[in-house]
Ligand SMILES: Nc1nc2c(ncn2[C@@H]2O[C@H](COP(=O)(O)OP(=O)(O)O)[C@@H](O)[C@H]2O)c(=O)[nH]1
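Only one chain comes next, encoded as structure tokens, the form predicted on its own.
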């Protein structure tokens, strides 16, 4: 599945980031902890390459812990400062703020050497659509400051948020790159709700998800949906789930549309357990 999803507001988002990058000291780039490799935006990384970049693996509560540790170690080996966080509960918040302070220390030292007063760190938060930037900022601030929504691209405009006396954040719209060439990566981005639902077939993505569980964690689906045979082909598994939930059309035909929506929703809310797609 090749995804080509670059609506008009993406052009505006890219321009906004390019115009404002000069105003900040540090860039915090959010990645989904379930697939931190697949949701790295190569164009975005080029745009912020001259800045100090601090990676935050968001939604850590939904990720497999062992895989998360490996991803953090791998990214640190690349030279990135990295932390993980669950923006809903606030877990990891202290580590994120500490990491930003450490990244800013060289700027603060340079100001002191010049006899200048140390100003707050100016931090830009970036990432692909629906990665959880607004929820992340709200969690750090401790109250609802940034607009949030379930649809990719909901954040609009520029706003500075003071988290502490020494850190100011700039929120930005989510930015997708023009074309995802890898079929595997396309499925993962669709599962994570990073691309708009018009860019893919829900049936194909749900089928990919079921196949992933059959290969990697077959017992999860068998237990949740009371499957008699966890080794069934993915199509049969989806039909069994439809029957188990009573999602039937006239004549007892499984309602696959409703079943696909259920599977994608359950996965995105973490109801199928912690996973690592990468």
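This structure is a prediction, so every number in the text was calculated from the model and none was measured. Positions refer to the first chain, counted from 1.
A second form of this protein, the form predicted together with the ligand, is not displayed here; the remarks below concern that form.
- Between the options 172, 103, 185, 87, the residue in contact with the ligand in the model of the complex by a heavy atom within 4.5 angstroms is 87.
- For the chain shown alone, residue 131 is a contact residue for the ligand in the model of the complex, at least one non-hydrogen atom being within 4.5 angstroms.
- In the model of the complex, the ligand lies farther than 4.5 Å from every heavy atom of residue 74.
- Proximity of residue 40 to the ligand in the model of the complex falls outside the 4.5 Å heavy atom cutoff.
- Contact annotation for residue 52: none of its heavy atoms lies within 4.5 Å of the ligand in the model of the complex.
- Shown here without its partner, the chain carries 217, 222 and 240, none of which come within 4.5 Å of the ligand in the model of the complex through any heavy atom.
- The partner is not drawn, yet in the model of the complex one stretch among 207-215, 240-248, 42-50, 59-67 has residues with heavy atoms inside 4.5 Å of the ligand: 59-67.
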